[in-house]
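This document opens with one chain alone, in structure tokens, the form predicted alone.
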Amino acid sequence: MRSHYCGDLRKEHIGDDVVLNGWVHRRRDHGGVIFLDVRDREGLTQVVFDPDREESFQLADSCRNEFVVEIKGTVRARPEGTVNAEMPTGEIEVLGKGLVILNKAETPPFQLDEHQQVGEDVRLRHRYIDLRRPEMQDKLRFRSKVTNAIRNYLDDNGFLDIETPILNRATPEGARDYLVPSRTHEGSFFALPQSPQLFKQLLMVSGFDRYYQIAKCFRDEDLRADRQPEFTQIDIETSFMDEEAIMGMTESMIRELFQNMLNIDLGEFPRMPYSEAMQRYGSDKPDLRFPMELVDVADLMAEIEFKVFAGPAKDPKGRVAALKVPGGAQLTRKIIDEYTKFVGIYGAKGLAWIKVNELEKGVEGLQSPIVKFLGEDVAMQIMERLGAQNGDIVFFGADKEKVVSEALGALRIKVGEDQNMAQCEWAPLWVVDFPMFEETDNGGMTALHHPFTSPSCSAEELKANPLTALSRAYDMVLNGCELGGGSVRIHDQSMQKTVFEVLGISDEEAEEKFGFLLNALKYGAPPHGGLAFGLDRLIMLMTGTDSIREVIAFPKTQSASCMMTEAPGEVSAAQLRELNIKLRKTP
């Protein structure tokens, strides 16, 4: 029907006869001349209807916002003084010679201009209208270009795009599975994949060497701004490549992507061990745009009488750390109280602080309710260790190591954002040398990544010291967001059994849940590893948005529901009977 997209017309089209299809974005009546701004996915074009073409003029006059139209006309230059430099099509307009209203539209629930402030619930309920907005179309068009660039890069590097099953067997991967009842196997359930992990490893055993997939994944977990129950993953697996080669290849992909799509040079990605990231930044995905660091002061606090600090300082599982905020002495008590409430989210029982007013006066130049409990020697030693200057503020955390790291690590980011302390726009890095395992609350152990990650040590060393063993895992981090994570996998059956043994997974349980993988490892499995990127999160960062819901066509809410289709919904009793399911009412 159309000859051109509205947003593609330029001055080189002047004199051309065109046919446009789209939506009426805006109608204006200027002294007997009707202007229609007609919109399609590529942009806007101004169409002018003169009264000398009476039929089309009357139709144009009857048009309202969001009417679907077909327009025939001739491209011409805009009159002098009316050029709109803000629009790509601002140098031209179309003289309308014919108009067909293909469909009328009711008044939409909100206007589609970029300045309109609309609640997210309204936008999600009418997502098909929200997606007409130019900024939403720009984001999804950008997403399409990114996935195309990624496919091209991986294709050019010898990777094969191979689909893996959606209906799988439930496997423990750190989050709840979405379960699908089987009609043909009474009492049995499929699980939607949290990732294609096992299948991509089997593809390596099968000899495909380099695999990728833009894969849908599903996790039934509590949601945040950067989480969805269904999300898209750039899944990559390779054979005969170690971690250095895998990191180099995927780093090159991301750097090329940013260069080509945004004209941004990310530079070389530094490497940082997990232990260093936790010690200096309180996070395994540190945001290096902010210069502040956590500094341990437990050795200085261990002998003071103030048990709030001395207790955790003497506890082998405790931590006492300080965070210096340059220029932070100007923070009001109200703001400090807000920060105290903020760290409480992470389990901190409070937030001690010291304002550095006149350091040359010694302890008299420090302002804080806790200085009197520290004593002059300890207080001044802390200031020296931190390199404190007049005008700074120092925040303290004292608790279990996990609580202190998470609370002060999150506070570091919040203060940095609130005080505009970022020293650069983009800060990528690799976090490496993760522990193989971490302790659970009941004294057991769980895999920090997943149980198929290869350790850096031998099986004997792993069994002897599981909590000090490091893995061959790596995470790519950008601006405090984990872009992707991966590892070299276990390709030896005996090592895989050792890991299961350390995790308390019996031979019977391992055979029941992973028997097909263990069997595959018997038949010549190559050394292999891979990495998976969160596509939604990557697009969110690249487009400068705050939520992945802004870059997904039809997202779920934070309660994992769809406001547009009202999913999840109830099913009929007949469907439940067919699936041999009976609902139990929660009292």
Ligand code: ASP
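Remember, predicted model here, so these are calculated numbers, not experimental data. Each residue number is its position in the shown sequence, starting from 1.
There is another form of this protein, the form predicted in complex with this ligand, and it is not shown here; the text below is about that form.
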item	value
Which of 300-308, 484-492, 498-506, 69-77 sits within 4.5 Å of this ligand in the predicted bound form, heavy atom basis	484-492
551, 531, 47, 60 - the one with a heavy atom within 4.5 Å of this ligand in the predicted bound form	531
Selected contact from 405, 233, 164, 368, since only one has a non-hydrogen atom within 4.5 angstroms of this ligand in the predicted bound form	233
Every residue of 200, 219 and 449 near this ligand in the predicted bound form, heavy atom within 4.5 Å	yes
Distance check, residue 454 to this ligand in the predicted bound form, heavy atom within 4.5 Å	no
Contact label in the predicted bound form: residue 195 to this ligand, heavy atom within 4.5 Å	yes
